[in-house]
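Just one chain follows, in the form predicted alone, and it is written as structure tokens.
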């Protein structure tokens, strides 16, 4: 996927791939190409101190390969932090398949991808993510045992992800408004795919006033009619007078342009990497008096669900573990206020402290 014409002439210090790996402190990258099936994919293993790297596979039409590389590096790093802060004995990894999820899927493509996953010998465990379904994972599982989220087992992690996002949102409301009730609160949900729809369902049951946007018109229409949510335009969603902004699609939607428009007190959604630049925009959110629920802490329900399958635990255990996200988010927000630092810094510190601690336990005698 990345052409090197003459390896002897290549300076690794100037190689953009090596530089990117060094930037995020990754352990391993696997570039996957198969002309026969059309597979082009990247698997990123970020950190395995706590255990094998678990993280989903995303299928997306990236503009170029460097965009895909940046995405998989950021997402896999986020999985390390997510698994750590959730108290799971898992490291962080992620995979991206470059292509149109609506037209390029095939059994052969996913089975070939499964062979690449298997070649890592259990260092990486995959599951579904954006553009991927449990059925797709069934094809992957034909070639490797290192896959979770299969039908008949823990299955679709979306309900658990949505539940964790929901209870974490309530924790933010408790800190910001004095009550964790979402009844009557104006909440804008950006993206109503698998997770977004389950979140909308929970919010509707509590009596929230819901606004939704999505790139897929049929899904948008169905969710709107089912739950009484008001449809708004893809760009219009940033201008709504709302209490809570819930990004549940792709990342980087909290940026210089949107922050000048967002009229909300809380940012709490299921999307990964919501801050375009966590240093700049994490600080900016805090200075505006908004509470930002760090995405990897808030949306950990999915990986909790996958962990339950890895360890043979029940779906009830997974939902109970997702309930703990309320306390995690509450603790992050309280520490942020007490230490006067952005919430993302507190969440990162909590995750890093656990990795460092367990890393000492695993040192040889």
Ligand code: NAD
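Residue numbers count along the first chain shown, from 1. In this text, rigid core is short for the largest set of C-alphas that superpose within 1.5 Å between two forms. Predicted model, so just to flag it, every value in this text is computed and none were measured.
This protein has a second form, the form predicted together with nicotinamide-adenine-dinucleotide (NAD), left out of what is shown; the following refers to that one.
A residue is said to contact a partner when one of its heavy atoms sits within 4.5 Å of a partner heavy atom; residue 84 fails this definition for nicotinamide-adenine-dinucleotide (NAD) in the model of the complex, lying far away. Residue contact check for residue 193: one or more of its heavy atoms lie within 4.5 Å of nicotinamide-adenine-dinucleotide (NAD) in the model of the complex. Although the partner is absent here, residue 95 is not a contact residue: none of its heavy atoms lies within 4.5 angstroms of nicotinamide-adenine-dinucleotide (NAD) in the model of the complex.
Heavy atoms of residue 137 never reach within 4.5 Å of nicotinamide-adenine-dinucleotide (NAD) in the model of the complex, leaving it off the interface. Remark: of stretches 294 to 302, 61 to 69, 31 to 39, 315 to 323, the one touching nicotinamide-adenine-dinucleotide (NAD) in the model of the complex is 294 to 302 (heavy atom within 4.5 Å). Contact with nicotinamide-adenine-dinucleotide (NAD) in the model of the complex, defined as a heavy atom within 4.5 Å, is made by none of 173, 243 and 343.
Only one of 288, 216, 263, 205 lies close to nicotinamide-adenine-dinucleotide (NAD) in the model of the complex, with a heavy atom inside 4.5 Å, and it is 216. Heavy atoms closer than or equal to 4.5 Å to nicotinamide-adenine-dinucleotide (NAD) in the model of the complex belong, across 231 to 257, to the residues 234, 248, 249, 250, ordered by sequence position. The rigid-core alignment places the CA of residue 128 2 Å or more apart between this form and the one not shown. For residue 321, a C-alpha deviation below 2 angstroms is recorded between this form and the one not shown after rigid-core alignment.
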